[in-house]
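Only one chain is shown below, in structure tokens, and it's the form predicted on its own.
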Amino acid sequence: MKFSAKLSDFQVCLQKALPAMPRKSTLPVLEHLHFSLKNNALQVIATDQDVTIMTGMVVEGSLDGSILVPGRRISEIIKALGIGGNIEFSTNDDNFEITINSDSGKYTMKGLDHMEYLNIPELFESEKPEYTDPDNINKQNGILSVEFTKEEIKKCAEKTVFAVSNDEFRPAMNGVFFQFRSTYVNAVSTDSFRLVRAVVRSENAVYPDELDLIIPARSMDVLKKVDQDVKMSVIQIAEKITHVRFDIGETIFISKLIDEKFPPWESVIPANNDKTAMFNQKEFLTAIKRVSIFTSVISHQIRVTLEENEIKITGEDEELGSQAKETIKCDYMGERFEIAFNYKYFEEAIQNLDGITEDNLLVMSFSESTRPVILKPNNDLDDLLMLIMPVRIH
């Protein structure tokens, strides 16, 4: 194999593939990128068997071929070379030696025979859906599929993935639950201490009806970084949906699904929160950040006290004798109300509600100090909801 490429373009190509490569694997072959060159098209594949990414770029090819390239090493040298100039990449088919020539110097490393790479049927046997009939967008060429704008899929990922559970004994909560319902999609995550629901809506029935999928958190992290619109389709093995495929420009990203039943999240959201307070997101967030410095490293507890048109935020660590209290203005009319939270969960929720409205106002609704609190942007869209469980005041 031999080709030359613009250094900056090559760097981007590698960065798109690397998220699918494991940092450390019992299978050394998975710590390699699969390079394949045909004419002027370079194809790069990475997988950890749960996540697979295939991307590519146009190069100046002079000798076709395939090889497995040490992923971290090539990424590190290409990054260290900067973004200016070109590189020449060549391989020796007899000993699988890889040579990279740049304006700065010459670098060699050992690769592996491409025949040692794993077979990835979900990648090579699946098809890219084509959208030709707007009235039948869910099933093109027999493939269950849907299209998201980059803003929609990034919203589903960015606003939910922080609340995914990392408890390996609760696998159903280790991902984001996608609930397709004809004219809308719910993206839901929970770790039992907080719950997030982001909604994407359409005026027309463009989404599959009654389709539920759980996409792992690691895959959602990849979707947070998409820079183009996304075509999403499902992959079935033995008539069972096992993987989800995302076509992002020339990049194909495939994720294994979590084969579990997501908890009944709708029943957790309270319908009788009769008290509301409205406040500025930035003011509240900065106040929490300052007060949290003075809280207990064990409980991480802050108290939130609501009185007429003001919120008091208090943090205390009795062992160290430290305390902090801040007061900010809010829109609240009602009796005095006190509730406590783990400030880390509360802070993350408020942080992920930024930039939603022009005035940056949030609405908090609640009923009792032991019942869940709901946070929403101050608008009528009902497309983002965050639920936080309080803690016992002490």
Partner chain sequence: MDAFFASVEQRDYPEYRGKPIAVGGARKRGVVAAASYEARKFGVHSAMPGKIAALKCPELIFVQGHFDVYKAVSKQVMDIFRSYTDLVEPMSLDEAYLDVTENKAGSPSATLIARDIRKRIEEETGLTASAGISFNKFLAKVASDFNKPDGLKLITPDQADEFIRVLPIEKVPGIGKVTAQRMHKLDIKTCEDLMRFQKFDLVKLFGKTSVYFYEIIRGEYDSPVILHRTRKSIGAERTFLDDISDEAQMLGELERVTEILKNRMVKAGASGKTVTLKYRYHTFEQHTRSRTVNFNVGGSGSDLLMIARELFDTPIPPSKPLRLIGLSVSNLYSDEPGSAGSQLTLEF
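Numbering follows the first chain given and starts at 1. All of these numbers come straight from a predicted model, not from anything done at the bench.
This next part talks about the form predicted in complex with its partner chain, which is not shown.
When its partner chain is considered in the model of the complex, residue 35 lies well away from it, no heavy atom lying within 4.5 Å.
In the model of the complex, its partner chain sits within 4.5 Å of a heavy atom of residue 389. None of the heavy atoms of residue 366 is located within 4.5 Å of its partner chain in the model of the complex.
The shortest heavy atom separation between residue 190 and its partner chain in the model of the complex is within 4.5 Å. Note on contacts: among 107, 265, 294, 184, the single residue with a heavy atom within 4.5 Å of its partner chain in the model of the complex is 265.
This chain is drawn without its partner chain; in the model of the complex, the residue among 76, 113, 319, 168 with a heavy atom within 4.5 Å of it is 168. At a distance of at most 4.5 angstroms from its partner chain in the model of the complex, all three residues 195, 301 and 345 contribute at least one non-hydrogen atom. With its partner chain left out of view, the stretch that reaches within 4.5 Å of it through heavy atoms in the model of the complex is, among 285 to 293, 176 to 184, 224 to 232, 265 to 273, 265 to 273.
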